[in-house]
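One chain comes next, on its own, written out as structure tokens in the form predicted on its own.
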């Protein structure tokens, strides 16, 4: 990379950090328990809106995995999400009714919280419908993974977003409060993925799977990105650029090998397609708070009118992380 390119990226990173400071003024602390954070704690950061029904299982899943503290931004929920989180002793909560879109889809808010509270910690940034799986997650808690990453001098860990869906129609895929959504949305696409490298930031760009097939068949290049870097040992100066798809400094994006060997990686099981999805999709289309003037949600609404079943005879039923490794969707790399 040229000296000029390096300088431009450094300037971009500085602007992102300053922007996060300005946007922090939009956040109001509701309950702040960050003084209870210990040196070795693994922290989860999340922005949400109206996810009350999903929260009990989400919290239980990540507590069992090894998360010690949760830092949430509530963006104007009116379904009881805020009240539920207030009752959780391991949660710190900030609220805002400001524009999600103008905060770079929540990235500005989280960049500020990460800079304020995440430095020196392993941090996991996920949405409420994303469930992190990694090699040996059925027998080794998250601190075992982060200890190995520390010992290997690895500071970021990639995870492909894997869209999960039910066998029946989406409207019939009812997930009760506290229920594992992967008991309802059990299937995924084993193939149909496109990969390219972003020349500016160095990260792999992955598209495809069920959403590309069902909602972006005529324009697959506009399908949502599936590459994510949710787990990072946060350092002063780190910033997310585009959701958790892209980071600066640039070296944090190099989470996959292309030639020779494989780096360890995981998946984020994306339980979006449940009975609540059509209503949520219509709401987000009306709010217009998502990327590219909510192009993604316009595609969802158009696709839902044609039919609401994503399952095909080639759909794969989820078993465990080893299945995903065999299919080439994640890797244990050199971690044994």
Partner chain sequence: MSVGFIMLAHKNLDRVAQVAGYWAQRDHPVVIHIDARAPRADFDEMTEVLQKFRNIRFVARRPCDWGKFSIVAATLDAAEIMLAQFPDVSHVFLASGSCLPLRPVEDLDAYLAARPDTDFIESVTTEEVTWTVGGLDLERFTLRFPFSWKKHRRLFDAYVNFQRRIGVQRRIPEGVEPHLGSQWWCLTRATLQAILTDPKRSVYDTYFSKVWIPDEAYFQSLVRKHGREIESRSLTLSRFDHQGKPHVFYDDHLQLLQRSDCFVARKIWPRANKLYRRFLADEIKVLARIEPNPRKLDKVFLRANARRTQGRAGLKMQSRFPRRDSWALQKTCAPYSVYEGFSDLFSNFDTWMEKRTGTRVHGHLFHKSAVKFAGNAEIFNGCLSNSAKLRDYNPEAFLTNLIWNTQGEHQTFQFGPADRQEIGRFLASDQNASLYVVTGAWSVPLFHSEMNFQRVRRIAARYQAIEAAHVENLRSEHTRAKVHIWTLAEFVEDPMPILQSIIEQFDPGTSRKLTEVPKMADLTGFGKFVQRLKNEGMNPHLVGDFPLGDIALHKTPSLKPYVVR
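Everything quoted here is computed from the prediction, not taken from an experiment. Positions refer to the first chain, counted from 1.
Omitted here: the form predicted in complex with the partner chain. The next part is about that form.
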Open item on the list: Under a 4.5 angstroms heavy atom criterion, identify the one residue in 104, 250, 233, 213 near the partner chain in the predicted bound form.
Closed with: 213
TODO: Select from the listed residues 191, 120, 80, 178 the one whose heavy atoms reach within 4.5 Å of the partner chain in the predicted bound form.
DONE: 191
Task: Contact stretch among 240-248, 158-166, 68-76, 109-117 - heavy atom within 4.5 Å of the partner chain in the predicted bound form - done: 158-166
TODO: Indicate whether residue 200 is a 4.5 Å heavy atom neighbour of the partner chain in the predicted bound form.
DONE: no
TODO: Find out whether any non-hydrogen atom of residue 174 is located within 4.5 angstroms of the partner chain in the predicted bound form, and reply yes or no.
DONE: no
Task: 4.5 Å heavy atom contact, residue 96 to the partner chain in the predicted bound form - done: no
Open item on the list: Please determine whether residue 204 contacts the partner chain in the predicted bound form, using a 4.5 Å cut-off between heavy atoms.
Closed with: yes
Task: Heavy atom contacts to the partner chain in the predicted bound form at 4.5 Å, residues of 140-159 in sequence order - done: 140, 141, 143, 144, 147, 148, 151, 152, 158, 159
